[in-house]
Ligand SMILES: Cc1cc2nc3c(=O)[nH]c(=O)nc-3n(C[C@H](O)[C@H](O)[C@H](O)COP(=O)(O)OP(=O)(O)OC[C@H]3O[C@@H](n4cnc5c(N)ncnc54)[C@H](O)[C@@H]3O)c2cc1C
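Here's a solo chain for you in C-alpha cells, the form predicted on its own.
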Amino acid sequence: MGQTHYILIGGGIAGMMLAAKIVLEGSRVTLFDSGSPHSASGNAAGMFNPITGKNHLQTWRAEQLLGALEAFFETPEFQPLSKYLYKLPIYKPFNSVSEYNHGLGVRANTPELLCIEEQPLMESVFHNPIGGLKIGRSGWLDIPAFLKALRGILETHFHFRYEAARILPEHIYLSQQKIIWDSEAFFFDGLVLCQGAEQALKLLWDLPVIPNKGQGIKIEGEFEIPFILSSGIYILPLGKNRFNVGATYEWEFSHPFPDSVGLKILTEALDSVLAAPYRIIDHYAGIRPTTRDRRPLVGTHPVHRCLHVFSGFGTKGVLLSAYFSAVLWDYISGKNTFLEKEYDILRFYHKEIIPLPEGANMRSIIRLMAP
C-alpha cells in the first residue's frame, strides 16, 4: 500500500497542528492556506488556561488537553519549537471579599492548579487591594512565530507541501477525490476543512461555525509583569516593557477590522485595572471560529466519508489543537472507530446542516441522522 495523502484547507493553529500529527504518523500532507489577515491564529494572544470562567472551574478535559500540548513540545522533532511556548501563571485579582472566599473554596478542589495571593501584588502597576487567585500550568504561545517555524520543520523533514492559495468549492471534486488548482490535480485519501471562521467552503459543507470578532491592543510602559494579569481583560507580557491587551467578544459586527468602539472598550477596561501609565502601539482584530455549545467541530461527513472537519476551537485553539489532532487522526486512520458526541460534528446534523449531496434524498438522510 502506498503512502496516504491528506489535503488540509486552513493553515492556522488547528490545521498546522493536525498536519504535524499526520506527517509524524507517516502520511503525506498538502496544506492550502488563504493567508487571511483576519484569522484568529494571526491575531490571537495565544493564551492557554486550565481554569475557566468566573467560577474558576477546571476547563473541560484539562488534564488531557494539557498533557497533549506538553507532549507535542517534548516530541524530538518539535522540541526546537518550545522556545515559542511561554509558561506563565495567570493572576486574577479579587474584586470583593466574596470572590476571595469563593477562591478559597475552588483552590481546595484543585490545589495543583490554584494558589491564593493573600496580599496585593505590584500595587504601583495595577489595582488588586485584597490579593487574588494565581493559576498554574498556563501561559501563551507566540502563534505566528510558532506556525512559521513549524512549517519550516515540516517542509524540511517530512512529506509536507504548503500552498498559499484560496480553495473554493469549484476547485474540489469529491467523487474523484481530487482538487484542481493552478492546472495541477491533487488527489487525496482525505480532505480536512480546518479553515476556522472563513466560510469559503460553505457550499461544500455548511458548518455551524459562529464567527466571533475579537479586538486587542499592544501597549508599552515603564514596567514589567511576571505573569498574565486577568481582570475582565488580560494583560500579557511580551517582554521589553510591551504587552498584549484584550479582548473584545463581538457576536454581531459589520466588518473584520479594528474600530473605535472596540478601542474604547479596551482602554476603559485597561484604565480601570492599570495604575501605571502606558502607550498604545498597535490595534488589531481577528475572527474566532466558535460554536453554540463551546465544543469543537471534529469528525467526518456522513455521506462523503473522505471529507472531514477540524474547526470551532474558539479562544482555546492552543489548548485544544494538539489533543484533538490525535483524536481526529486516530478516527480517520481507523485506529479508533468512535467519536464522542460532545465534539463530534454529527451532534448538529439532525437539526440543521446536512447539505444535499448530488443525487441524495434529503428525507432519507434526515431520518438516518435523527436521534
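Just so you know, these numbers come straight off a predicted model, no measurement behind them. Note that residue numbering follows the sequence shown and begins at 1.
The same protein also exists as the form predicted together with the ligand; that form is not shown, yet it is the one meant from here on.
Shown alone here, Ile22 lies farther than 4.5 Å from the ligand in the predicted bound form, counting heavy atoms only.
In the predicted bound form, the ligand sits beyond 4.5 Å of every heavy atom of Pro296. Contact check for Ser325: every heavy atom lies farther than 4.5 Å from the ligand in the predicted bound form. In the predicted bound form, none of the heavy atoms of Gly132 sits within 4.5 Å of a heavy atom of the ligand. Screening Cys115, Ala165, Met122, Ile180 for any heavy atom within 4.5 Å of the ligand in the predicted bound form leaves a single hit, Ala165.
Tyr234 is the sole member of Tyr234, Tyr84, Tyr278, Phe227 with a non-hydrogen atom lying within 4.5 angstroms of the ligand in the predicted bound form. None of 251-259, 98-106, 187-195, 148-156 except one has non-hydrogen atoms within 4.5 angstroms of the ligand in the predicted bound form; the exception is 187-195. Of all the residues from 11-39, those having a non-hydrogen atom no more than 4.5 Å from the ligand in the predicted bound form are Gly11, Gly12, Ile13, Ala14, Gly15, Phe32, Asp33, Ser34, Gly35, Ser36, Ser39.
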